[in-house]
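Read the single chain below, which is given as structure tokens and is the form predicted alone.
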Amino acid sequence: MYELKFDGSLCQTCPTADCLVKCQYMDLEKDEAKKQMVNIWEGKDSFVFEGCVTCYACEEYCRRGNHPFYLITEKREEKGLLTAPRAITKQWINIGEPQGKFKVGKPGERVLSFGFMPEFFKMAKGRLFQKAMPSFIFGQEFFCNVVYIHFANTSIIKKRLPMIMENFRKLGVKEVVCLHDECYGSFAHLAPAYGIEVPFKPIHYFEFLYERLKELRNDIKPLNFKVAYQRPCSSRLSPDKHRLVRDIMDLIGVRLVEREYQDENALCCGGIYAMCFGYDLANDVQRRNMDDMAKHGAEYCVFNCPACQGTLGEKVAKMGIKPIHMIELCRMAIGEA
């Protein structure tokens, strides 16, 4: 019922083929990149199926509003080319199964969505959230399911995401502040790509934090330390919000170190790589990423995604770099953390 909105002619006429030319895991020239994307669109075999590590980056690199990563994922599933062992894929699908154990605060026109991340119950407090916190949602019934594109399983997303939208509709909410980056990417980017109606306005929590910090400007005490920002894979689905990283850090007096692996050139935390592609790839990506942070004098590593922090937090700490989530960093700037 829900079909990917993909225009293969845009690949055929693309002047740059940036989606694959810029890929950090495959080395392709423009003509070969265009050829491979057309092959994938036409349902043919391609070495891209073996080379893609599901980092989402080609969704950002494509300047034509097409969806190269979603297409690669769709065709992978059609061909039975799973990225992880079936047992692991099944386990993850079972984890996200709606079970009727969700939690809902006092839903108003705007709600905070914790997705399926209990860590946010510890973070979403204090003056930043005092007005918003009474209205929250949490649980599998509101779980965005975007993680399954890592597992080449868009069919489960197309099955569950419309159900999630209906759960939101029943609450009558008009705005959803997504505390998990993946949720925002799913609602603002993935759902529209498949023609799935979103009955509310998704708001990235960076927007929420930035506005609240401006309201609390007089309480901010510049932190005056150097940080590296760990950009999550899902941020590739909302590149227009990435600019807010610098805006927030400028506002709270934090210096974002200029390093090799940031912005468009960011490297993932590697957590999903260990499950899907083996520890050699995961360890290599993590080592390059963390060495880059240390080389440029980062005192803190700022995380957007709790899963990324769970993967890299202890490792960066052993290097003498303090791990901290963006929300906690902002609370620290107003004297709360």
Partner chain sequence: MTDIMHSLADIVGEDYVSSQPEEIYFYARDPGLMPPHEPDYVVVPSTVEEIQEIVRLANREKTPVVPMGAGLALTGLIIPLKGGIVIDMKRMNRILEVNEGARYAIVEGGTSQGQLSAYLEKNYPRLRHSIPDAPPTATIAANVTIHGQGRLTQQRGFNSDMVGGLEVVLPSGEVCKIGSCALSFGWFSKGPPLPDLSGLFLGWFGATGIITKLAVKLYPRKKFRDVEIFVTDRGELVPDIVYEITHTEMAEDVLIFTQPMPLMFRDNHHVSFYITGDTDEELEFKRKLIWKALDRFIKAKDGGFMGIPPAMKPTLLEMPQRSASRLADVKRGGGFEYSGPIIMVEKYPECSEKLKELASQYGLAYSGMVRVIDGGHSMMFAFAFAFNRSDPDMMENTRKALKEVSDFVLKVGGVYWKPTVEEQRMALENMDPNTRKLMKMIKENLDPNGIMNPGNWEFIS
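Small disclaimer: the values here were computed from a predicted structure and weren't measured. Residue numbers count along the first chain shown, from 1.
Heads up, the form predicted together with its partner chain isn't pictured, but that's what we're talking about next.
Undergrad: Establish, in the predicted bound form, whether Lys5, Gln12 and Pro239 all lie within 4.5 Å of its partner chain, using non-hydrogen atoms for the distance.
TA: No: none of Lys5, Gln12 and Pro239 comes within 4.5 Å of its partner chain in the predicted bound form.
Undergrad: So which of Cys62, Cys55, Leu28, Met275 reaches within 4.5 angstroms of its partner chain in the predicted bound form, heavy atom to heavy atom?
TA: Contact residue from the list: Met275.
Undergrad: Since exactly one of Lys201, Arg246, Lys226, Lys90 fits, which has a heavy atom within 4.5 Å of its partner chain in the predicted bound form?
TA: Answer to the contact question: Lys90.
Undergrad: Is Gly297 a contact residue for its partner chain in the predicted bound form, using a 4.5 Å heavy atom cut-off?
TA: No, Gly297 stays farther than 4.5 Å from its partner chain in the predicted bound form.
Undergrad: May I ask you to check whether Asp280 falls inside a 4.5 Å heavy atom distance of its partner chain in the predicted bound form?
TA: Within the cut-off, so yes.
Undergrad: How about Leu82 - does it come within 4.5 Å of its partner chain in the predicted bound form, if we only consider non-hydrogen atoms?
TA: Contact check for Leu82: yes, within 4.5 Å of its partner chain in the predicted bound form.
Undergrad: Would you check, heavy atoms only and a 4.5 Å threshold, whether Gln130 touches its partner chain in the predicted bound form?
TA: No, Gln130 sits far enough from its partner chain in the predicted bound form that none of its heavy atoms falls within 4.5 Å.
Undergrad: Can you pick the stretch from 169-177, 148-156, 92-100, 249-257 whose heavy atoms fall within 4.5 Å of its partner chain in the predicted bound form?
TA: Going by heavy atoms within 4.5 Å, the stretch is 92-100.
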